[in-house]
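What follows is a single chain, given as structure tokens, in the form predicted on its own.
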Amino acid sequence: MKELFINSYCHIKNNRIFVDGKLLYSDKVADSLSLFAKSGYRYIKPSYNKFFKMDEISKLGFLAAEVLLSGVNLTVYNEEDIAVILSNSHSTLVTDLNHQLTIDDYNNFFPSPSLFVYTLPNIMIGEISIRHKLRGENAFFIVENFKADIITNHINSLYLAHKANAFVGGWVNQSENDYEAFLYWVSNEGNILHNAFEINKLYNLIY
């Protein structure tokens, strides 16, 4: 069986988008993920109106996937052969808090189903999968810090079990004060071996 490689990676943090270690876009004005997501969307121009209905962390994951997969020819794969394996530490905490505000006051009770649906972190995977027509396996892990070995081991197990042969892996996290997305594309072609050591090197690059 062929080895797996990392073909490309995208890192979004500090109001900047990096692709394969190179700066793609920077917003020096936005002071929140909400504002940065809007400006990033306008720069990338994906023409996808459903974007504006998503919660903030889904927008973050969507933008990272949009940039990452823009250079990938997905048509050479069966839709069922591409898996999405993501992780973070805060699940959907910010969205959860926003939803809680809609039900705290009995006299001002206005829960929104469109907000409630985003209180599950795998909805982000659903948004990415719908956009790019990915119908393979998926998983979302909640861990205290980015742990490359968890994602790597799960991807490798799916590959060895012939459940998928191409993957989107990584980390998409949002807290009340910060956000970060780090996604990478894995297949049997590329230059960087797919293992936890190499992934940690990419994740910890200093920009």
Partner chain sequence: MEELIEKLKLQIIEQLNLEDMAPEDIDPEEPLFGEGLGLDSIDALELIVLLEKEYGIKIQNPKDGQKIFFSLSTMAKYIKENQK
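Being a predicted model, the structure only gives us computed values, none of them experimental. Numbering follows the first chain given and starts at 1.
FYI, the form predicted together with its partner chain isn't displayed, but the following is about it.
In the model of the complex, its partner chain lies within 4.5 Å of some heavy atom of Arg42. Put simply, Ser114 is close to its partner chain in the model of the complex: some heavy atom of it is within 4.5 Å.
Interface residue remark: Lys53 is counted as part of the site for its partner chain in the model of the complex, having a heavy atom within 4.5 Å. At the 4.5 Å threshold, heavy atoms of Asn177 stay clear of its partner chain in the model of the complex, well away from it. Per the 4.5 Å heavy atom criterion, its partner chain in the model of the complex is contacted by stretch 106-114, the sole one of 106-114, 76-84, 90-98, 128-136. Residues of 172-207 that come within 4.5 Å of its partner chain in the model of the complex, judged by any heavy atom, do not exist; none qualify.
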